[in-house]
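In structure tokens, one chain follows: the form predicted alone.
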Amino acid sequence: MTLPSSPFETVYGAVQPLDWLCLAPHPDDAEIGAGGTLIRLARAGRAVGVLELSRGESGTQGTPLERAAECVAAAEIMGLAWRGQLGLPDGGLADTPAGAQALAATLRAVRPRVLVVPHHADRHPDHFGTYSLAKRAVHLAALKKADVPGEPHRVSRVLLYQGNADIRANLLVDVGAVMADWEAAIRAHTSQFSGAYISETVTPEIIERRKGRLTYWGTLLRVRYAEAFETEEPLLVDPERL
């Protein structure tokens, strides 16, 4: 199967090599799960991107057009270098050969050094489906003989961000200095967070709920707020910096 050279749609910024890329099953997932870290990196001059795997077309609130506009507004607040949408089916994200080839082609196009993906411990099938799909796509993107457009690219590090379930985090990031922008980026998704209570995620209480989680992780670091990640591979640490 030969895919077009650009299986994704750019909704903000320009295609370019990225330092960090966050995969989001739906619009707003990146902001909720890793937004503070992405904002902090962008402020530090890193090229940061977000890729929505779906357009959120099956969500109870908001249309794909409305949600794309919200993604643009949030990207401006966060200082993203690029934001794109892959257009895979909302509610059907899974490890499929076609989906993995499309995602691998995108990884070859934007060439992230660090990839951030949803944790597999999650109640939402699209979230753990994205995790499995990403694992295959990372492998494909690096294979010289894979039937994927673009030059092979090897992601240096994959980090998992927290969704709707507890995780055993082994990497915490202090995000206290960027909380105002984090809140603004989430609130940019007006269709999801200004209407009726739909779920523990789609609710006007999203900021309050997620701040509680960030406060918990921050307590472990003796800071106000922290975002939690898990790495499945050991991290090399310079003992002189401990």
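Keep in mind that what you see is a predicted model, and the values were worked out from it rather than measured. One-based numbering along the sequence shown.
Absent from the display: the form predicted in complex with another copy of the chain. The rest refers to it.
Q: Does any heavy atom of residue 219 come within 4.5 Å of a heavy atom of another copy of the chain in the model of the complex?
A: Yes - in the model of the complex, heavy atoms of residue 219 and another copy of the chain come within 4.5 Å of each other.
Q: Answer with yes or no whether residue 111 is in contact with another copy of the chain in the model of the complex, where contact means some heavy atom within 4.5 Å.
A: No, no contact at 4.5 Å.
Q: If you check in the model of the complex, is residue 184 within 4.5 Å of another copy of the chain, heavy atoms only?
A: Contact check for residue 184: no, nothing within 4.5 Å of another copy of the chain in the model of the complex.
Q: Contact between residue 162 and another copy of the chain in the model of the complex at 4.5 Å, heavy atoms?
A: Residue 162: yes, in contact with another copy of the chain in the model of the complex.
Q: Taking only heavy atoms into account, state which residues of 19-51 are within 4.5 Å of another copy of the chain in the model of the complex, ordered by sequence.
A: Residues within 4.5 Å: 20, 37, 40, 41, 44, 46.
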